[in-house]
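You are given structure tokens for the same protein chain in two forms, set apart as structure 1 and structure 2.
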Structure 1
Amino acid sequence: MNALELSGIVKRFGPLTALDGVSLAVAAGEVLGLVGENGAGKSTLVSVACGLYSADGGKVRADGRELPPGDPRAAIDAGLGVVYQHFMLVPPLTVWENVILGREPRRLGAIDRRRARSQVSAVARRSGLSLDVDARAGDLSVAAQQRVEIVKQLWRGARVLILDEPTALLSPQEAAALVEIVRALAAEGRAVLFVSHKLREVLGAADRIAVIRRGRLVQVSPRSQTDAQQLAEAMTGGGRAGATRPRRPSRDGAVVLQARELAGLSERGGPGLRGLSLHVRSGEILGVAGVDGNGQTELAEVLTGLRPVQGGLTLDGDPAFHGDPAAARRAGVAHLPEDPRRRALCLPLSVEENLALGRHAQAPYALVFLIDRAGRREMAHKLIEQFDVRPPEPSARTANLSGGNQQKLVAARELSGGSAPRLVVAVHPTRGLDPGATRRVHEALRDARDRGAAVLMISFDLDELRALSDRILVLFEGRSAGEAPPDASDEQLGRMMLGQVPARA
């Protein structure tokens, strides 16, 4: 008997068929990988499984028992637990309070705080997920918040655990450890659905791997009978979706960005940057590596005018903007932010309107003081096609796009929607993107570099950093832990990321 079984699932949103007769099953003790392009239907399938969406056809069964459609409580009671890419924690509450929220153990009518805390601590310890259960969730790094979400589902007795992009924010060592944890959870008898775009990690974690394309299941194969290239081709329908141009040697361009002794506080009030110095030349991509919470967010916000800072900062030799994002944009800074929904998009607006944001007063989006609707629509069609934004409809509401397609929309606007940028600050530019979309964004970043822009790219994905960077700068506790060449090993970069290699001047 399967722990989770989806039979003939159909889901429509108006005229769009998001899922077209998908059947999939996960057995107890098994890890099933689920991969597919952005907009292929993965998130919709997960939402149907856990009762957030009611299917238009088909059935969902847990341990052989049919679940009522569109009933999240029934799915939870049946042992389904989901860890979403966007976390659902209450920042002021502690870790253990977040875990028990809504299902508080009680004694004599009051919350049994001692028992609850002890139980949460025991679950975290058994699962190998290191957590301070008394820490406030809002004070934790993003990676630690993800661990809280996993512990929450385990504490609630999840027998089927659905993980959405679980390694996106982790260092190589942490990602490898999580894969081991996933395998251990399966060995204990849990069923795990591992949804990820990192094919190497899916291959390391899964027993079988399912590929969904344009709402249809196109392949389910044992791990031993496939590889990353074959999976990428199945996701895209053929072609080398992950292929990229070879890196060309960095040109000896002029220094565009110069930062000296940057210092400032983090959002949590602690030191965010501690005397960080760096430079980026024209025609160069500087990759920035580091475990989450070591100054990457603060650095990106300083360079895009979103955060004031102490220290020296110049762009093409001129004193740069401090805490003025409008001035940064006027100076030619393009920004692909860590959180596009919060920093880059107006979700109620259409795709076409979002593509014009920040350039709405310029041609081809405007004609003197009026909106050039024909020019704006033509540019929208061009960018949508170039970056394969789905659905390919300029009038579509941005809030209705998948997270990956929202990310593609921002990349299209910032990298190809206007004049060539002088400095590109890209923060996790392909997080959550499929191989085909990742290739498009990588090509756009290389094109910006080849046109003379200085590119600073922050990423947790070491393969991405190696594929694009001319140099890799590693951050640890807001300082430079040194630089490494693009061919540095996971072990070398991982040790630097954990502060085990002395910082170089």
Structure 2
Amino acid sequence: MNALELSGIVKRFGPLTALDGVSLAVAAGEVLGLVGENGAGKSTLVSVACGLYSADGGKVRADGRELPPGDPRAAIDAGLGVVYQHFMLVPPLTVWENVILGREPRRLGAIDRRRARSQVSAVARRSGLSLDVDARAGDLSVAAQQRVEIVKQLWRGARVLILDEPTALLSPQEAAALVEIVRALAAEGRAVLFVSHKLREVLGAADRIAVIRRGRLVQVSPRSQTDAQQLAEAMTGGGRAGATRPRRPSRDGAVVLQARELAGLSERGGPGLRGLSLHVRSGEILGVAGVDGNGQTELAEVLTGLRPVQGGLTLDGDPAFHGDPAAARRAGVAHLPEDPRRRALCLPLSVEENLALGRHAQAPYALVFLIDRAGRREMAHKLIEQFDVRPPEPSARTANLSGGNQQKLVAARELSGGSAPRLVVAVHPTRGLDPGATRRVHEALRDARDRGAAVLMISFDLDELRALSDRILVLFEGRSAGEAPPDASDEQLGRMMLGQVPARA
């Protein structure tokens, strides 16, 4: 009998059919990978399975028993646990409070705090997930929040665990650790549905892999009978994914960005910046590597004028934009921030309105002091087409786009929405994107470079850094730990990221 069985699931949002008769089954002790591009319907399927959405057709069964549609509690009671892509933790509550919420152990009508804490610690320890149960969930790192989510489901006795894009926000090391955890959970007899578009991780974790495309299931195959290339083709519907353009040797351009001895504390308790110097030339991509929390966030904010700092900072020789985001934009700084949902998009606005933001007072988005609706619509169609934003509808509410399409939207606005940028600051520009979208964003960054922009890209993904960068600078504790050529090995970069080698390339 299957631990979880979905049969013929149909789900519509207005005129849009998100799921069109999808059937899937996961057995106990098995990890089933579910892959598909952004917007293919993966997250919707997860929401239907766990009762958050009620399907317009089809059935969900757990251990052979049918679950009532749209009833999360019934799904939980049947042993279904979901770890969502956007974590479902209440930030001001503690870890143990988040875990027990909705199923609180009681004593004399009050929460039995002692029992709750010890149970939560015990579950975490037993599964090898280290956690401080008294920490506030909002203060934890992303990886720790995810551990809380997993503990939350295990404490509830989940026998079927659904992980929705579990590695999207993790560093490569954290992702590898997660894959180990997932294998261990399956070995204990749990069924795991591992939803992702990161093929390497799915291939590492799953026993079987299902591919979904535009709301339809297109194939299910054992891991031994498929590979990344074949899966990518199935996801995109033929056509070869990957195939990146060879690196064009960069010109010896003029220095666009010059930063000298940048220093400033971080309010988050990290080192902030401690005397970082760097430069980026016109027509080159400088990759910035480093373990999270070594000054990446602060660097991006300084370069885009969001954070004042000590030290020298010039753009084309002009220090004017220092600490002034509006001036930075006028000077031609484009910003692809690390959390586009919070920092780059106004989610309740439409796609075309978000595309115009920041340039909304200029042509083609405005005529004198009125919005130029026709001009904006035309420009929006162009950008949507160029960056393959789905659904291709300028008036769609941005909040209704999938995460990957939201990120494409930001790239479209920042890189192509107006005059050519002088400096592009991209922070994890493809985190959470599927291969097709990643390729598009990478092409856009290369295009910006080829048109003479200086590009500074911060990423945890070493493959991405090597594929795009002309030089790689390694940040360590708010300073440069040195530079490496783009063909540096994982090991070499890894040592620099840990501050062990004062390398000079």
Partner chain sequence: MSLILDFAPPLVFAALGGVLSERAGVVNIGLEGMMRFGAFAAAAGAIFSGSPWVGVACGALAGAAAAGVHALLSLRFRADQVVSGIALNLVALGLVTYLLQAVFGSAGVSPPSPALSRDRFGHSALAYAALAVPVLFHLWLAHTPAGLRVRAVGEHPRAAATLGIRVLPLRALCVAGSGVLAGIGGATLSVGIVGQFDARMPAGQGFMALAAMVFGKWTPLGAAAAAFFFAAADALQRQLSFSLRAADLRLEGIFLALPYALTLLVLASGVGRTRAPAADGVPYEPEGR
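One-based numbering along structure 1's sequence throughout. Keep in mind it's a predicted model, so treat the numbers as computed, not measured. Only the largest set of C-alpha atoms that superpose within 1.5 Å between the two forms is called the rigid core.
Legend entry - Structure identified as the form predicted in complex with the partner chain: It is structure 2; that copy is the form predicted in complex with the partner chain.
Legend entry - Core-superposed comparison between the two structures, Leu286 Cα displacement 2 Å or beyond: Leu286 C-alpha, core-superposed: shift of 2 Å or more.
Inset, instruction - Compare the position of the CA of Arg449 between the two structures after a rigid core fit and state whether the shift reaches 2 Å. - result: It does, since the Arg449 C-alpha is displaced 2 Å or more between the two structures after the core fit.
Legend entry - Core fit, then Leu493 C-alpha moves 2 Å or more between the two structures: Yes, the C-alpha position differs by at least 2 Å between the two structures.
Inset, instruction - Determine, in Å, the CA shift of Gln296 between the two structures after the rigid core is used for superposition. - result: Gln296 is displaced by 3.1 Å at its C-alpha.
Legend entry - Rigid core fit between the two structures: Cα deviation of Gln310 in angstrom: Its C-alpha position differs by 4.4 Å.
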